[in-house]
Ligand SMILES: Nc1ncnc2c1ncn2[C@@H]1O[C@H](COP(=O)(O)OP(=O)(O)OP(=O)(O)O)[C@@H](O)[C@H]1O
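Before any questions on how it binds or moves, here is one chain, the form predicted on its own, in structure tokens.
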Amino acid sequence: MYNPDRCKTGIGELDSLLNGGIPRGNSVLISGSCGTGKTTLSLEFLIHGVENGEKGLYISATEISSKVMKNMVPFQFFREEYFDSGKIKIMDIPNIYSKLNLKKLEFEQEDIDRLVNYIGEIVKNDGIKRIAVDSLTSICYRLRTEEKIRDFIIKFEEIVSKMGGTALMISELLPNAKGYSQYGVEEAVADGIILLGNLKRRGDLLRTLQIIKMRGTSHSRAEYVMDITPLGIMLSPLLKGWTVNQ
């Protein structure tokens, strides 16, 4: 039986649902609407990676990195020294665009290649094993067409797999979205999809997590309640009675 090397997220319950973790080399969509915990999950994934001796790369395309770091300070799992020491490299996508002189509102094929190659060089030269792109949706805005989006993701996944890394790619959704990505291409090309959501229950808004797909492993497809605590993300089974809006 095929038994791939696993990349443990460090979130115990999630690793159990994945039968040991994400198959190494996979690029996984973290899909959800605003406030569902996408950034927190991604950064916790990178921080636990350093604790396992794996360097990380955080590419911020939605907020400036300094603001993201400030919002993470209250969490006990957060380690600012990992970022200061370069064990987790953090880059703002506008700075990457500026460095590569990518000023067009819509990228051409050569622009896509330059962007992917630049990220690939950083991953290779710094020995990066974990990557978080926050968010893939923002980058896709400049790609526009399905063909360009598919090409970018496939080339990005090739880099991640070739370097023996694992990537989380945040996909931003509207609250009532029917699919798992804004453009519909990302979910088909990604190796896995972890869907984060909100569930109304008696006036409360519960966060939920569900693994939709994950290539290379069997996994639970049940919906779980996701709590963001000072210690990090914790999951618990979603009781059937909770699925009714009250």
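Start at 1 and count along the sequence shown; that's the residue number. Not measured: the values here are computed from a predicted model.
One more form of this protein exists, namely the form predicted in complex with the named molecule; it is left out here, but the text below deals with it.
When the named molecule is considered in the model of the complex, only one residue from 201, 48, 207, 213 comes within 4.5 Å through any heavy atom, namely 207. Only one of 141, 97, 75, 82 comes within 4.5 Å of the named molecule in the model of the complex through a heavy atom, and that residue is 75. For residue 37, a non-hydrogen atom is located within 4.5 Å of the named molecule in the model of the complex, even though that partner is not displayed. Using a 4.5 angstroms limit between non-hydrogen atoms, residue 228 touches the named molecule in the model of the complex. In the model of the complex, the named molecule lies farther than 4.5 Å from every heavy atom of residue 66. Looking at residue 33, you'd find a heavy atom of it within 4.5 angstroms of the named molecule in the model of the complex.
Comment: 67 to 75 is the region of 102 to 110, 89 to 97, 67 to 75, 147 to 155 lying near the named molecule in the model of the complex, near meaning a non-hydrogen atom within 4.5 Å.
Contacts between stretch 145 to 182 and the named molecule, counted in the model of the complex as any heavy atom lying within 4.5 Å, involve no residue at all.
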